[in-house]
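Given as structure tokens, the chain that follows is alone and in the form predicted on its own.
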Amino acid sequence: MLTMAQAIRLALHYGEEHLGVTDIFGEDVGPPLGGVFTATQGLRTAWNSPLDERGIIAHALGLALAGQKPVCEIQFCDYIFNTIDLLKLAGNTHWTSAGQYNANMVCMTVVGAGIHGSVYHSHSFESIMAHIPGWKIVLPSRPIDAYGLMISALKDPNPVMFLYPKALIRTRGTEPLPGLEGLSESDLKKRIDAPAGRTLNEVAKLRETWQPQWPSGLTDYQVPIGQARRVRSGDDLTIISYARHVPLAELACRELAAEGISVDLIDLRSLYPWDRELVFESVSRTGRALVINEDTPVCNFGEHILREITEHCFYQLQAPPRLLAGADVPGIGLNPRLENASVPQQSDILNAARTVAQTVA
């Protein structure tokens, strides 16, 4: 099975060959590196930008307004904050022009902790991004969804923020990508993973003549933006999450099942729009809700979900809905113990789920 990095790379390749993608760019996005997380290796339209986040977003917006279809990358979401005004312009272009102009662009960036990146490479961004109208926001938790959401993002006529969790980039999925069912992990690696080296100079030399052998079976498999996924069914408690914490919650659900607690686990996949219909149906049936993410708790997007649940499912709730979020601290520590204490771990999910499941309103 493929990794999330490979899935994104394959989707971008399909986009530049079949969906009209004209430019894929950002810091170290082009050769020889192909992205710090290898998500853009071997892509025909990939090129390296200056170290200038504002320039990256502005250039993408300009290309989009000129009728092109760019995909830009901010290397880490920690460095996107100085582009907020430009993101706002991209988001309101269609509205302020009364529908005359579209900003057909995708911005991708990695989010969250999990690689010991400390204060400069561990932030979350989704809650702040949700305050910028006009953008769709997606966060995959598995490779097949990363592919499908990227295809949907490329097809969308207006801007999409593609946030992928750095903690899951190297994690292999369990579902084959449609069209590549017969391709083994080793064959895929030989075809699309660029040769590695010990130094940047060695990498550059190895990749001077390297060319990927893209598989021919790729399709336009899509995950509709705004459609959540029910990971497992249950009747006692609804857990709502996305990105990194979906697989952690799934492991916790197995332990909870052994304790007699049946969990309905929902992977949102998209934050704007998000799948209210599925969430409300689940919470109305279970009567209990736990929202999980790793962002800091104040103005956390999970608080918005809890408000909506309270408004629309109030009379079905059997216990107060709860948010399990990251710690209310200014950053993520470098020491593994500090990092683990800053964002929810599997044990935290278990404790929070037990509390909500056993609380009587």
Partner chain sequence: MLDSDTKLRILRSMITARALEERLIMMSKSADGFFWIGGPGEEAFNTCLGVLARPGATLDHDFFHFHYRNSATMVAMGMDPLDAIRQMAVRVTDPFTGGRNFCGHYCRRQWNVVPVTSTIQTQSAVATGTARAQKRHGGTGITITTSGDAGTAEGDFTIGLNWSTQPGWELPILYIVTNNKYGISTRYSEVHGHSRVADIAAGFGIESHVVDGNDVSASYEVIASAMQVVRNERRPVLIEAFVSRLHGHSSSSGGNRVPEGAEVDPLSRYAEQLLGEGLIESAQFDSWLDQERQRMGDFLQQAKNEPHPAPESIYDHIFATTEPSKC
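Residue numbers count along the first chain shown, from 1. None of these values were measured; they are calculated from a predicted model.
What comes next is about the form predicted in complex with its partner chain, which does not appear here.
For the residues S233, T219, Q213, S118, the 4.5 Å heavy atom test against its partner chain in the predicted bound form is passed only by S118. The partner is absent here; in the predicted bound form, the one residue of S262, Q227, S284, Q75 having a heavy atom within 4.5 Å of its partner chain is Q75. Taking the partner from elsewhere, Y79 is found to have a heavy atom lying within 4.5 Å of its partner chain in the predicted bound form. The closest non-hydrogen atom of G134 lies within 4.5 Å of its partner chain in the predicted bound form. In the predicted bound form, none of the heavy atoms of Y14 sits within 4.5 Å of a heavy atom of its partner chain. Looking at R54, you'd find a heavy atom of it within 4.5 angstroms of its partner chain in the predicted bound form. Taken together, the three residues S49, H59 and G67 all lie with some non-hydrogen atom within 4.5 angstroms of its partner chain in the predicted bound form.
Partner contact region in the predicted bound form: 89-97, out of 89-97, 250-258, 141-149, 175-183, criterion any non-hydrogen atom within 4.5 Å of its partner chain. Residues V329, P330, I332, G333, L334, N335, P336, R337, L338, A341, S342 of 329-344 are found to place at least one heavy atom within 4.5 Å of its partner chain in the predicted bound form.
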